[in-house]
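Next up is one chain by itself, shown in structure tokens, the form predicted alone.
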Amino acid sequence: MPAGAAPFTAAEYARRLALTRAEMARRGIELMFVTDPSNQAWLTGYDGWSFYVHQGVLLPMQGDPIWWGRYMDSVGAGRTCWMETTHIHGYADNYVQSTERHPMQDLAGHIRRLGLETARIGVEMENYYYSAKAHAVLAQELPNAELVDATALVNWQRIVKSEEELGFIRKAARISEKVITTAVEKAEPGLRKNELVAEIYHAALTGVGEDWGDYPAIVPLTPSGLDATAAHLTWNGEKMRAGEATFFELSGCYRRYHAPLCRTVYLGTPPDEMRAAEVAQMEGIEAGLNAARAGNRTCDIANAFMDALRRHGIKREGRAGYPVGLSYPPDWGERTASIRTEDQTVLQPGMVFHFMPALWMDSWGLETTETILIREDGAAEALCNVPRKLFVKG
């Protein structure tokens, strides 16, 4: 493994390959073609803003993985991957956005050279980065191969974090604390929202001490007033106003690892119904954390939270969280389990979730969330240390 080329130890990458190959063997898959940039990074260390073109990792059952992508990005692969450069392949630039040829034609050539043109090949079909055209061309180029849907095969191997990964997530959590604290402290009537987001980005990217901030997989979500009744609005150039709540859905990021954290600030005196909802939400969060124990299920967390809300007469639908860790845009979730009333995923020590018990009501939104770690014993650990409350600024 080239010194300093990738952020984790050789033993950590060997662990990841072994997990993935065990699941490949269980499914009878002889070769994986991995296109999700988070999965590419998890397996090889590759880190670059190149996921707008076709690229991926070929993982056979033996030997080191192969990173494949645009030639100009193969240089970055050599700088960030743990494999030797003989396992990094770049295709010519005339394949990029061409109407005459497709990068999957080049990829098929590599698969043939591996002697796997008749293999059972797993591809990530439900994925932002693997297009319908890519699949069609690959199938046409490899008529004797069996292309099978292996969506989230690698994602599920990532769900239990190693100690090395938890170290990165804890660093991200310290940055999240700084980012949320900055947002709450700077928020005031008359401040333009884009100026507040500039402060948020500055706090996120400067990081904490020697732990520098990476770009988060989701941009700051900072809606105010009626905009905060929607879950995923970003920002605009309007001024913050008294008599409105603003929620901040943010995350620090350290070397692609996230620890999302949400808090809400009210400028002025909150209405009684919001204060009542805050009480219910806090009770629900405590109930959910207490249910988030190894051996329980993700639905147990959701049900504990929902039961608390129902006791207060609040109806809520939708999931209340998801696993997080290493991620690239457009999402910091891992797209596997959900904290949802019907999800039966068994909780294991080392799992990390964004417990997201937000409330979006008719005239305001209230987001108070935690990134939580499932421990060997006892209730889950909240990895960030920011007061869990509705922040009020007169």
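From 1 onward, residues are counted along the sequence shown. This is a predicted model, so every value here is computed, not measured.
The next section is about a form of this same protein that is not shown, the form predicted in complex with another copy of the chain.
Novice: Using a 4.5 Å heavy atom cut-off, state whether His102 contacts another copy of the chain in the predicted complex.
Specialist: Yes, contact at 4.5 Å.
Novice: According to a 4.5 angstroms non-hydrogen atom cut-off, is Asn127 in contact with another copy of the chain in the predicted complex?
Specialist: It does: once another copy of the chain is placed as it appears in the predicted complex, Asn127 has a heavy atom within 4.5 Å of it.
Novice: Please tell me whether any heavy atom belonging to Asn236 falls inside 4.5 Å of a heavy atom of another copy of the chain, as the geometry stands in the predicted complex.
Specialist: The answer is yes: Asn236 has a heavy atom within 4.5 Å of another copy of the chain.
Novice: Could you confirm whether His354 comes within 4.5 Å of another copy of the chain in the predicted complex, counting heavy atoms only?
Specialist: Looking in the predicted complex, residue contacts with another copy of the chain do not include His354, since no heavy atom lies within 4.5 Å.
Novice: Please tell me whether the candidate spot formed by Val148, Glu177 and Asn296 is one where all three residues come within 4.5 Å of another copy of the chain in the predicted complex (heavy atoms).
Specialist: No, none of the three is in contact.
Novice: Quick one: of Ala304, Ile159, Met240, Ala217, which gets a non-hydrogen atom within 4.5 angstroms of another copy of the chain in the predicted complex?
Specialist: The residue from Ala304, Ile159, Met240, Ala217 that makes the contact is Ala217.
Novice: Heavy atom within 4.5 Å of another copy of the chain in the predicted complex: which of Glu164, Asp93, Glu188, Glu286 fits that? Just give me the one.
Specialist: The residue from Glu164, Asp93, Glu188, Glu286 that makes the contact is Asp93.
Novice: Counting only non-hydrogen atoms, which stretch in 108 to 116, 227 to 235, 274 to 282, 260 to 268 is within 4.5 Å of another copy of the chain in the predicted complex?
Specialist: The contacting stretch here is 227 to 235.
Novice: Check each residue of 70 to 90 against another copy of the chain in the predicted complex and list those with a heavy atom within 4.5 Å, in sequence order.
Specialist: Going through 70 to 90 in order - heavy atoms within 4.5 Å of another copy of the chain in the predicted complex - the hits are Arg70, Met72, Asp73, Val75, Gly76, Arg79, Thr80.
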